[in-house]
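Heads up, the chain below is alone and in the form predicted alone; it's given as structure tokens.
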Amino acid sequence: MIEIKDKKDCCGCTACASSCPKKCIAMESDKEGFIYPVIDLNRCVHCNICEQVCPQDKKNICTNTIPETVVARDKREKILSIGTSGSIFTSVIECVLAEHGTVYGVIVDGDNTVKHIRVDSLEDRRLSKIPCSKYVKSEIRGIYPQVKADLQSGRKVCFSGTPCQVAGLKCFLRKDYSNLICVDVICRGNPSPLFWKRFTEYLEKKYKSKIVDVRFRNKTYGYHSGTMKVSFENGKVYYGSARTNYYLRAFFEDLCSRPSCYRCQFKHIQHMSDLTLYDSWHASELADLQDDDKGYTNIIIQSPKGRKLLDELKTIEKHPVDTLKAVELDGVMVENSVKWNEKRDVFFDSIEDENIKCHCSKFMTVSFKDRIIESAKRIYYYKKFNG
């Protein structure tokens, strides 16, 4: 029977609850908004399947060799402009769906919930929301059994998520499927869904309108200056970088991620996925490319299936690079967990009761200089693109 004695030992992947034959494990949110397994002891038969499928502390390295890496991006200007980094995942989605497969990715839905969804058609309007970054722990309850059902039906399936979510899926499946492609994204951490909920409530109240679209890393001022862009039903648009945006600032100051992110078990070059994606800030140094501030992605090829898929993507340009050098320049989060911020212990206290701006201001300061720089950026880029 699985027992969480230390919350840093649970990544919230849901493999245990999804595998329980008696369905006696519920994933319930704690006061910080993160889900953990809660067992109904009256129904538990002590089969220990939940312990067997837990990905924590298990060997999740596929090989001892250093995998290949390419720097890549989509050749299509429109796709590149709206995606994160090199906008690679759009091409992956198109390739899989063209073969009548299914894709599992993350969106921000109409209630501002960041969650995994299943897509099986190129006509699905939610597709454009999947490739972009989401700095929130996604809602994934109920997804693994759907993936398994698709795989058993013979359909090609692409699952995307964080390394721990991919590891959780592989442990849940308990066998290798030739028709499964897994793509994971290197993350800094997984911020609290509760914190995100409170922040979006604050924005909707401030702008007096419902949020209709969120881009956590929009290329408003170019790739190297990622900015949160939030669009509202009344036509207004909010822009904010980690300099002035309290949500992004809390994330990058390591105040709000899941406890397991501070002791992540999945920080190494080799993953259980087929492709691993992360930002290529130094593409010009890695592959002698011109830095046009439109973005590139580092792709670690983790398996032959990953290599085959990459070869099938005809809309992207690829440049082989040295894996270790790419990790050294761009991949600090490939092999390292974030450091525990001493203020995190009390960050979630009163988070549901206070105005979120007032609450955050107790833990971080947005200075007058920060606001001036942010305003200057807007003026500079407005003049640059509008003459």
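Worth saying up front: this structure is predicted, and the values here are computed from it rather than measured. We number the residues from 1 along the sequence you see.
As for the form predicted in complex with a small molecule, it is not shown, yet the points below apply to it.
- Can you check 86 to 94, 168 to 176, 283 to 291, 304 to 312 and let me know which stretch has heavy atoms within 4.5 Å of the small molecule in the predicted bound form? Among the listed stretches, the partner-contacting one is 86 to 94.
- Classify Tyr207 as contacting or not contacting the small molecule in the predicted bound form by the rule of any non-hydrogen atom within 4.5 angstroms, answering yes or no. Flag for Tyr207 set to no.
- Message: in the predicted bound form, is there a heavy atom of the small molecule that lies within 4.5 Å of any heavy atom of Arg155, even though the partner is absent here?
- Response: Outside the cut-off, so no.
- Task: Report yes if any heavy atom of Lys134 sits within 4.5 Å of a heavy atom of the small molecule in the predicted bound form; otherwise report no.
- Result: Taking the distances in the predicted bound form, the answer for Lys134 is yes, it comes within 4.5 Å of the small molecule.
- Contact flag, Asp279 vs the small molecule in the predicted bound form, heavy atom cut 4.5 Å: So Asp279 counts as contacting the small molecule.
- Query: Would the small molecule be touched by all three of His116, Ser138 and Thr297 in the predicted bound form, meaning a heavy atom each within 4.5 Å?
  - Reply: Every residue of the spot touches the small molecule in the predicted bound form.
- Message: Within 4.5 Å, heavy atoms only, which of Val106, Val230, Ile143, Val71 is in contact with the small molecule in the predicted bound form?
- Response: Checking each option against the small molecule in the predicted bound form, the one that comes within 4.5 Å is Val106.
- Taking the small molecule in the predicted bound form as the reference, which of Asn218, Ser260, Thr162, Ser192 has a non-hydrogen atom within 4.5 Å? Only one option qualifies, and that one is Thr162.
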